[in-house]
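A lone chain, given as structure tokens: the form predicted on its own.
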């Protein structure tokens, strides 16, 4: 009888950390923690039989080895194969044809720029994801005008941070979500209480309306890093291996109308209207930050979550360009969140 060998599926990729590892299931968009000893086994034996493992590790390790294989089978991270040549590795190259994929635009009551010309420039750059952050009260009619102007744009997803206002009721916000399906998340900040709404009746159960008591008055709220922001999918994973998942192909406008990589970053590249987004992209000082990936960042490079995690280069420990995010409370050397 032909002997079968165990092999991880191509979409299940182990990532080693300082104290423990994970297996990222990029198809199911999930991950599981594993000991570093299992990671080392999988690297040493990308294809194996139980007999081969016991021969290599010794009879005393039989129980542990069988436990490891049972774990891999239980989570469907791999399978027993007759012909393993049919299962080729994934191409982990990340590529997007858009010059810009995402953008942030901040606004407060002192902002003196118009949104529509910025939207037109973003559309010309084929931007797909837009975050609008309103730090002060904003008129209902004007918000609807802005969202209407994006109806025929390249923008596929709009996330809105909106200051709570008596002008808007919960029903108003829910109607807004139904009218403008490009809105994927609407966070109402400075609210009286924390509330969370889904709308399964209208098939909007994936579109969250969140009220938070947090007062978001400027860009300083940004930069938080925690497990709730993990993205275990092939697009994020491959981008993280090559680029900075926060800044790559991003261009932003701060509340003063200044062009920047991120509104929280101190370096600015001219005021919108005087400078164009397209011209900014030619500046190497602007684009060089895109390629700072987690394998270059202190502490992050030893973290098992580095390819599914977010990042922040605006707020870093010691304000150093390659130090870990200041607002990350995870210690990969202890495997603990503080």
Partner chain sequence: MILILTSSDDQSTLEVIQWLNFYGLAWVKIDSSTPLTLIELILDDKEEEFIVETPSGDRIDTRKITAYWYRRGHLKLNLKYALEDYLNDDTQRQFEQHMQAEINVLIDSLHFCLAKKKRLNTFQTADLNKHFVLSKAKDAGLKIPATLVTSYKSVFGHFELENGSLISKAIQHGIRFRLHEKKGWTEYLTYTESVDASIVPDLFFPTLFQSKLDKAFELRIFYLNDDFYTMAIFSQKDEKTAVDFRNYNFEKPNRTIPYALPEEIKVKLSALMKSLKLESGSIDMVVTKNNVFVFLEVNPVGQYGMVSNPCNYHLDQKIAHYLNPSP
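Computed from a predicted model, the values in this text were never measured in an experiment. Positions refer to the first chain, counted from 1.
The form predicted in complex with its partner chain exists for this protein as well; it is not shown, and the discussion that follows is about that form.
Can any non-hydrogen atom of residue 234 be found within 4.5 angstroms of its partner chain in the predicted complex? Answer yes; at least one heavy atom of residue 234 falls within 4.5 Å of its partner chain in the predicted complex.
Residue 96 near its partner chain in the predicted complex, any heavy atom under 4.5 Å? Heavy-atom contact with its partner chain at 4.5 Å: present for residue 96.
Consider residue 263 of the chain shown here, and say whether it contacts its partner chain in the predicted complex, taking contact as heavy atoms within 4.5 Å. Outside the cut-off, so no.
Contact with its partner chain in the predicted complex for residue 78, defined as at least one heavy atom pair within 4.5 Å: yes or no? Output for residue 78 is yes: heavy atoms within 4.5 Å of its partner chain.
Interface residue in the predicted complex among 151, 74, 112, 193, criterion: non-hydrogen atom within 4.5 angstroms of its partner chain: Exactly one residue meets the criterion: 74.
Ok, 322, 10, 326, 18: which has a heavy atom sitting within 4.5 Å of its partner chain in the predicted complex? Filtering the options by heavy-atom distance leaves 10.
36, 245 and 296 - do all three of these have some heavy atom no more than 4.5 Å from its partner chain in the predicted complex? No: none of 36, 245 and 296 comes within 4.5 Å of its partner chain in the predicted complex.
So if I measure heavy atom distances to its partner chain in the predicted complex, which of the stretches 217-225, 234-242, 141-149, 252-260 falls within 4.5 Å? Stretch 234-242 is the one.
Sequence order please: the residues of 26-46 with a heavy atom within 4.5 Å of its partner chain in the predicted complex. Read in sequence order, the residues that approach its partner chain (within 4.5 Å, in the predicted complex) are 27, 28.
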